[in-house]
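The form predicted alone is given below as one chain in structure tokens.
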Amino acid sequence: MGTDMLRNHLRNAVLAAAALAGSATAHAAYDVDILPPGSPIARQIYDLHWAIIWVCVGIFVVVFGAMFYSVFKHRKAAGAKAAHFHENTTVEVIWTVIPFVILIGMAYPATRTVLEMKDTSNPDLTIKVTAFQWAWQYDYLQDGVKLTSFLATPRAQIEEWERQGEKKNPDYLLEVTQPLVVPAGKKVRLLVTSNDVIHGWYVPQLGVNQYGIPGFVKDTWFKADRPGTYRGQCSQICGKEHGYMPIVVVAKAPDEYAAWVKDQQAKSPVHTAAAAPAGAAAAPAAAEDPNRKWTLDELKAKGGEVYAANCAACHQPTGKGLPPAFPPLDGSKVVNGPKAAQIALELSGKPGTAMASFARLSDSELAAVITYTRNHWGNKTGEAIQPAEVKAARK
């Protein structure tokens, strides 16, 4: 009886395996190409990929063709006699020069692409990306919008602990609660860091794969060619939930993106400052009494909180920064120079650098953080910047 039961179990297992294999075969994708590029850098990577593959194919055909021809033509059975020689300058020059030319031919476009990947200057939009175990937080520095993105598909549906879940869509492991929304055709700079362990912000169609390292801020950029949805995942093994940390980027037309920002600002009372048009000053984040006189100690205390929330990731809690992208504030000529210049820098940012405009902050928040930086670490100006001064500078 035991033998018959074992035989039945084995037969059922074989049938189940065959059915599973047949199903997998029926639905398998046989794509051999990488994903279609969706950004200028991704297109360059795509072109490099195929160009180098064809160079390798050419080398393979020439080298192995010559080898097989020699073996066949000069085989002993055909009466070939082995030649004995030691040096041939011409041959040595040829086999040195040709590989050198091939390597230079591949290195030039590859180096040009790498340099362009690192050129984050003059962005249209700057977003700080903070990785967590296991989620992504997006902070739109110019627009005052903050999102946190988690895997959207319920784990019970993925694991099917108790029963078979609902039918899953093909991207069920790549669906998120809050996608990163960007304007198509605009250069988006990302400041990537991590709250705990090393993560990797990886979206192959946009040509981006940037590590997020605790205590460091790395920058990268992309420009989505067209509106659409681009998917990726964390590229570093960041813990047991690593496989459930997807990334979704939704590129919208510029007018649709502007409407989305306005809607997000309306949903988040904390971030109500609308982004100012190019060349115009932004409105303060909240209505307040601009005539109130703050003491130096009050401004320093409030400024420390504003600095920790908005500045410490780049300039570091120590004020030492991460040169050259994020210069130190401790001992800075700007921080210790005329206060009007620092106020203007905070309101307008600095084009071509990582310094974005913080005009979305209220007058009191900006006055406090400027006062804090001018009277902290080794900076001892003794000046208290009042909200009224910031309000006047906005005009």
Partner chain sequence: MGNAQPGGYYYAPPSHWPIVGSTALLIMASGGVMLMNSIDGGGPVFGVGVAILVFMLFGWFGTVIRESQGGLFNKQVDLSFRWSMSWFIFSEVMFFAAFFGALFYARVYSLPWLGDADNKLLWPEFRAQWPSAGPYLPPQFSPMHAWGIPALNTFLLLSSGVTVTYAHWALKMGNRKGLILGLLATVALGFTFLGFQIYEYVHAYHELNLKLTTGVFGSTFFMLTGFHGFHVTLGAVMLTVILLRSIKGHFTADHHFAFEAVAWYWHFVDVVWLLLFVFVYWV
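Numbering follows the first chain given and starts at 1. From a predicted model like this one, the values you see are computed outputs, not experimental measurements.
Although not depicted, the form predicted together with the partner chain is the subject of the following passage.
### Message
Given that the partner chain is not shown alongside this chain, does Lys218 nevertheless sit within 4.5 Å of it in the predicted bound form, heavy atom to heavy atom?
### Response
Because a heavy atom of Lys218 falls inside 4.5 Å of the partner chain in the predicted bound form, the answer is yes.
### Message
Residue-level question: is Ala251 within 4.5 Å of the partner chain in the predicted bound form, judged on heavy atoms?
### Response
Judged by the heavy-atom cut-off of 4.5 Å, Ala251 is well away from the partner chain in the predicted bound form.
### Message
Please tell me whether any heavy atom belonging to Leu180 falls inside 4.5 Å of a heavy atom of the partner chain, as the geometry stands in the predicted bound form.
### Response
No - in the predicted bound form, heavy atoms of Leu180 and the partner chain never come within 4.5 Å of each other.
### Message
Can you work out whether Thr193 and the partner chain are in contact in the predicted bound form, taking contact to mean some heavy atom pair no more than 4.5 Å apart?
### Response
Yes, Thr193 lies within 4.5 Å of the partner chain in the predicted bound form.
### Task
Using a 4.5 Å heavy atom cut-off, indicate which stretch of 300 to 308, 259 to 267, 222 to 230, 209 to 217 touches the partner chain in the predicted bound form.
Among the listed stretches, the partner-contacting one is 209 to 217.
### Task
Check, residue by residue, if Lys128, Leu141 and Arg189 all come within 4.5 Å of the partner chain in the predicted bound form, counting heavy atoms only.
Each of the three qualifies.
#### Entry: the partner chain in the predicted bound form - contacting residues of 87 to 123, heavy atom within 4.5 Å
Counting only heavy atoms within 4.5 Å of the partner chain in the predicted bound form, no residue of 87 to 123 makes contact.
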